[in-house]
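A single chain comes next, written as structure tokens; it is the form predicted alone.
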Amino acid sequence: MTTRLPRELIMFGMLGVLIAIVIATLGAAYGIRMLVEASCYAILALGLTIQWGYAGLFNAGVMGFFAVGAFMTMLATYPRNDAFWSSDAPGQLITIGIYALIGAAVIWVISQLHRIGLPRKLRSLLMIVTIGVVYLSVVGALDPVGDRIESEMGFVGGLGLPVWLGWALGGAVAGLIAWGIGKVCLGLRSDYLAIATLGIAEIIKAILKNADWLTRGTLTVSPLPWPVPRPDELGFVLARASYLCVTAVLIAVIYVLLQRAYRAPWGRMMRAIRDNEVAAASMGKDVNRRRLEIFILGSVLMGIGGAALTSFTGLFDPSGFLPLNHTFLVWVMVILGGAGNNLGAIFGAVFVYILWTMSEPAALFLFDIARSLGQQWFDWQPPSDLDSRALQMRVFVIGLTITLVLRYAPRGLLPEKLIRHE
């Protein structure tokens, strides 16, 4: 009688061999850097797999929550700008913030006026007018302050807080934004959530890109501090290995907590809502509230993943937030690994990111062979821009991979396992 190896062991074994080949070919420094970036993407994939795999929520705006986490870690951890804090600009910004909070409170009160008999159409009209007045007032007061900060102080700067606190704030603010989106959209059809998250992601990117007084816009902010000593202190290999240990521990903690939640009554309830919303509601479950919980939780993880990756790169660049890299790629990781399987999300993140990063050097290697053989055998003159096309092979390789997986493993390479209860 033969013992069949678990599928997970086989897949991770093959992944380990692939990682070893990369490190042996390109060196330990490059390989460990790739693993650190892949581990940050694994946190993003875990956030998405619980939204889609646990509750069936289609989040098309992963980039937005990534950007929020990146911005918050920059704002919290970057060194203080003494020129800003020694001026009266902080007080002016606080005053404007108070006015904005008062305006938000007035808008909320107007939204509740239907409870005292005000017609809904009139309430909606009052809300639109009030939102317009509050927005124009806040922007009108903020513009001159922002212009002054840019011209005299450069930008606001950071708060000089510990890196772990910046990551926590990134997750918290991403969760707060998810709460606002979920309160509006989760009670509607599922496609509204996809539209809302996609739109919010682009709005967040536009704000961060154009608020030069807050983010330096296209000028970027660097270097961001690390939670471990940087390469100039330990060397590239040891410093990146230390960072990898931090992200690996973070993934392990998240994985254990998510697995416990998955096997708990809460997890069974989420899957019941995903599989049959009407039946779950008929059993007295608050479907919208539970969906909101899972949407917030997944977005918190996305914010943490974005913060961790931005800290590692050491650069905050609002122009670098791309739907292809920070939404589509994460979806490929989840689909390929297996939606609803936390281990599959981790596997998919590492495997897809290796394909993503190695496609260009592999394409350059194949182009060199084709150029050499073509000239020798057929006197072929290759295009002058042949090497520049290697980067485009990323999209081709990822597209081909996901096509093959959907054809031969439609539930992913490590599909969700159904838990039977006696």
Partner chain sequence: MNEIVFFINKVVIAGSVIGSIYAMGAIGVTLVFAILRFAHFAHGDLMALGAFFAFALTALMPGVGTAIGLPTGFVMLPVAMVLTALVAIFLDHAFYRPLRENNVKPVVMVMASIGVTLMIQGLIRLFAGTSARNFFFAESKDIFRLELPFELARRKIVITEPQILLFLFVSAAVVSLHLFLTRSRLGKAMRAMSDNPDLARVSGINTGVVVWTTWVIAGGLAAAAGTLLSLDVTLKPDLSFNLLLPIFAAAIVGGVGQPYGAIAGGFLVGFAETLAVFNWSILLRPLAPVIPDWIEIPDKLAFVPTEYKLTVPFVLLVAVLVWRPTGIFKGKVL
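Take the two forms, superpose them, and find the largest set of C-alpha atoms that agree within 1.5 Å; that set is the rigid core. Numbering follows the first chain given and starts at 1. Small disclaimer: the values here were computed from a predicted structure and weren't measured.
The next section is about a form of this same protein that is not shown, the form predicted together with the partner chain.
Which one, 88-96, 147-155, 219-227, 203-211, holds residues whose non-hydrogen atoms are within 4.5 Å of the partner chain in the predicted complex?
Comparing against the partner chain in the predicted complex, the contact stretch is 203-211.
Taking heavy atoms and a 4.5 Å cut-off, does residue 402 contact the partner chain in the predicted complex?
Yes, residue 402 is a contact residue.
Give a yes or no for residue 352: in the predicted complex, does one of its heavy atoms lie within 4.5 Å of a heavy atom belonging to the partner chain?
No, residue 352 is distant from the partner.
Proximity of residue 392 to the partner chain in the predicted complex, heavy atoms at 4.5 Å
Yes, residue 392 lies within 4.5 Å of the partner chain in the predicted complex.
Using heavy atoms and a 4.5 Å limit, would one call residue 185 a contact residue for the partner chain in the predicted complex?
Flag for residue 185 set to yes.
Sort through 101, 278, 136, 253 and report the residue having a heavy atom within 4.5 Å of the partner chain in the predicted complex.
By the 4.5 Å heavy-atom cutoff, the listed residue in contact is 136.
Exactly one of 179, 192, 164, 236 has a non-hydrogen atom within 4.5 Å of the partner chain in the predicted complex; which residue is it?
None of the other options qualify; the answer is 192.
Non-hydrogen atom within 4.5 angstroms of the partner chain in the predicted complex for each of 30, 358 and 365
Contact check failed for every one of 30, 358 and 365.
Which residues within 296-332 place at least one heavy atom within 4.5 Å of the partner chain in the predicted complex?
The stretch 296-332, when checked against the partner chain in the predicted complex, contributes 323, 324, 328, 331 at the 4.5 Å heavy-atom cut-off.
Rigid core aligned, does the Cα position of residue 394 differ by 2 Å or more between this form and the one not shown?
Result for residue 394: yes, a 2 Å-plus shift.
Hey, does residue 382 budge by 2 Å or more at the Cα between this form and the one not shown once the core is superposed?
Comparing the forms between this form and the one not shown, which are aligned on their rigid core, residue 382 does shift its C-alpha by 2 Å or more.
Rigid core fitted, is the C-alpha displacement of residue 124 between this form and the one not shown 2 Å or more?
Residue 124: C-alpha displaced by 2 Å or more between this form and the one not shown.
With a shift of at least 3 angstroms, figure out whether the C-alpha spacing between residue 398 and residue 22 grows or shrinks in the predicted complex: closer or farther?
Farther is correct, given that in the predicted complex the C-alpha spacing of residue 398 to residue 22 is increased by at least 3 Å.
Can you tell whether residue 398 sits closer to or farther from residue 197 in the predicted complex than it does here, judged by CA atoms, where the change is 3 Å or more?
Closer is correct, given that in the predicted complex the C-alpha spacing of residue 398 to residue 197 is reduced by at least 3 Å.
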